[in-house]
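Below, in structure tokens: the form predicted on its own, a single chain.
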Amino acid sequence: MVERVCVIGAGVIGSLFAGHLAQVAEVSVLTRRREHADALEADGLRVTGRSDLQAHVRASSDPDALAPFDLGIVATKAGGLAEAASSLEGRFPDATMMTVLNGLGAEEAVRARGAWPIVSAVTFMSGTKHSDTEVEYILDTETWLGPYEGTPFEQVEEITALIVESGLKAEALPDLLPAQWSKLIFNATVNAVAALTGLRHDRHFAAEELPTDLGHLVHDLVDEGKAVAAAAGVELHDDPWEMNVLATRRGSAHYPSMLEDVEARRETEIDLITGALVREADRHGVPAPLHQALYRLVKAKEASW
């Protein structure tokens, strides 16, 4: 039974998992900064918005100071993945690790550091971090989970049940790859376009009435991504264009994480998202000039600061 959970990376997604799971399990948090851990130890973690929770968590920036746990949720951003995976190496041999990063390749990075059972996950929930001890839960959509390599599906179902019990939405899938690719194409399109235009994910992304409407480009990017998925032999779980249209109709415009990164002038997750799609296109011999262009433009944007 999963009774002890450690969340590795306490950004928005990590904080949402930690705050909710602390209602049904013993939760610890591994942070990058010591002052962040100290604040969580002193004040706990507050979740507002879609939930109203005050969570008690144990926290440390030193992995050796953490008690053993049953489930580790790796919820860093792409730029922190290598450091997080290194911090786990040689530790917590009885744990199962769950990766919940955007893009492709997180499972391989964790596997390179240890032989733990691994569960793959992608999430569409989102929020806003107001401080080290407060996160606002904004988009209450599902997290999809699936086995990686030989992890038993029953273990995935148990973790899914715990997440649902905590008040979050989740679904266990025998094969996560179709869902991962659906989100990969969605993210590679929406995040990169938002980062370059400065637009939140709003009605512009689905508009196709006028020749100048942004939706034409977004649709072409999605179709290009779907061609790569088909070449890779992946049958998508959801149509990324329909995901895009539905998201723009939810009311308030979503603030894509890559736009937040660009506005803060920090490294984006472009390599793990659009970069992964471009690399898959190259590997399968499928042209992806639009995604290639966006990939290079976002990298140039990063270089500009």
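What you are looking at is a predicted structure, and each value in this text was computed from that prediction instead of being measured. Heads up: residue numbers just count along the shown sequence, starting at 1.
Missing here is the form predicted together with a further copy of the same chain; even so, the following discussion is about that form.
The contact residue chosen from Gly150, Gly198, Gly233, Pro174 relative to a further copy of the same chain in the model of the complex is Gly198, the criterion being a non-hydrogen atom within 4.5 angstroms. Asp220 is the sole member of Glu83, Glu108, Asp220, Glu142 with a non-hydrogen atom lying within 4.5 angstroms of a further copy of the same chain in the model of the complex. From the list 127-135, 159-167, 203-211, 174-182, the contact stretch for a further copy of the same chain in the model of the complex under a 4.5 Å heavy atom rule is 203-211.
Residue contact check for Ala78: none of its heavy atoms lie within 4.5 Å of a further copy of the same chain in the model of the complex. Within this chain, Ile118 is remote from the site of a further copy of the same chain in the model of the complex, having no heavy atom within 4.5 Å. Although the partner is absent here, Arg113 sits far enough away that none of its heavy atoms falls within 4.5 Å of a further copy of the same chain in the model of the complex. Although the partner is absent here, Pro289 sits close enough that one of its heavy atoms falls within 4.5 Å of a further copy of the same chain in the model of the complex. Interface residues of 282-305, taken as those with a heavy atom within 4.5 Å of a further copy of the same chain in the model of the complex (partner not displayed): Pro289, Leu290, Gln292, Ala293, Leu294, Tyr295, Arg296, Leu297, Lys299, Ala300, Lys301, Ala303, Ser304, in sequence order.
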